[in-house]
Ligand code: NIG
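Quick heads-up: it's one chain on its own, the form predicted on its own, in structure tokens.
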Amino acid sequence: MKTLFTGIKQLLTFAGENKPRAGAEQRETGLVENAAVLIEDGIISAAGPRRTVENLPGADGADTVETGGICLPAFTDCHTHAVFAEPRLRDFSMRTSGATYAEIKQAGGGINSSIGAVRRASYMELEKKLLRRASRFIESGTATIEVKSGYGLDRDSEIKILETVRSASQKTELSMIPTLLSAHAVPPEFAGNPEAYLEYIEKEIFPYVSEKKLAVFADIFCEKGYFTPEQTKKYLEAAAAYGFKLKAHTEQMCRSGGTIAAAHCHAVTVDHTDYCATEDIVTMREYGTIPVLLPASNYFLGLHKFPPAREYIQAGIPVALATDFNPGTAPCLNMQFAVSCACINCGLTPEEALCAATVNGAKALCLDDRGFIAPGMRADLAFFDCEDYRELAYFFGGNVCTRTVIAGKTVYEA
């Protein structure tokens, strides 16, 4: 099956080497005006000036779709917690009344407040909610998301979350890459004994999840009051021995040392990184670890501290961008807002932010078949009702996606 999308005012291909983009490369959009994209059997055959693509022999007999607006690679949202049972509305009310993250946790809120609801929820309930959220991701121009566990924190509940992701993946066009985040917090039954809990994960959860291939990545929250750099290193080394690729939440609320610990374990990404220092930046560059910016979380928490993204760019480190969609600190699944927030609060240019949300987002998930528009790549495209691509960062708070194409199939049309 062939489809020709034509009449595109601006096409951002981000064409180039199939690698993470760093430094000045993050500003190279591969912009083509008055463009077209030819797709065959879910794969991009050609992309470029309209007249050139329309006159290719391969365009004969293609279904032609006149689009208008702008087109870019569909977003890859490389950090979400999309499986949860209930929003944390009590936490939100406390926060708007002045309570801090630590005070909310002490009052029984935070990550632990989501545990009971997930443990009580059935597979069917969790799947129904995940599929509803999947539709909203697609409607916002996202084709791929990473989905973490971490709201069960016991063997059965963590497996339930990951099996929900697997089951839901068969019922939506949205690609969902599963991550095991059992080391998200210490659950009540292990209160005060994080070492024992990590040992429980290694003995009771890693073997089953690895055997059943329920997760691609393993992740840990390295933060004061959660897990230390030493525990992080030990946990990630154990995860790697079971075949998991590695990620870590680091330097979100203070400089804890998690970035260096994770990089030394060859983690693919370190996420948040709000409090990274020069030594962390040097280490990320040395080990090829990608920082994932999550500015929607900072926005929702009312923080004034954001990650030093400009320093990452200047150091030649590839930067990725994600929503951090979760019930407690970032109930936002629209990457358009994340792009705007990254420009306004993290100092990225629109070009850098869009690259971080597409090419580098795919690389943060070790996906080489998507993220930019070139022959041979999977045909994941997002179309937006804009005259200029910079409007995606300039206007915020809404959804201007008009069409989402995943593997060559139009799965959403406004």
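The first residue of the shown sequence is 1; numbering continues from there. Since the model is a prediction, treat every value here as computed from it, not as a measurement.
Another form exists, predicted together with the ligand; not displayed. Remarks below refer to it.
- Among heavy atoms of residue 88, some come within 4.5 Å of the ligand in the predicted complex.
- The closest non-hydrogen atom of residue 324 lies within 4.5 Å of the ligand in the predicted complex.
- The ligand is not shown here, and in the predicted complex it never comes within 4.5 Å of any heavy atom of residue 75.
- Put simply, residue 79 is close to the ligand in the predicted complex: some heavy atom of it is within 4.5 Å.
- Screening 291, 307, 152, 328 for any heavy atom within 4.5 Å of the ligand in the predicted complex leaves a single hit, 328.
- A single residue from the set 177, 186, 111, 130 has any heavy atom within 4.5 angstroms of the ligand in the predicted complex; that residue is 111.
- Relative to the ligand in the predicted complex, residues 182, 200 and 227 are all farther than 4.5 Å at every heavy atom.
- Considering the ligand in the predicted complex, the lone stretch of 208-216, 153-161, 328-336, 67-75 in range is 328-336 [heavy atom distance within 4.5 Å].
- If you take 208-241 and check each residue for a heavy atom within 4.5 Å of the ligand in the predicted complex, you get just 221.
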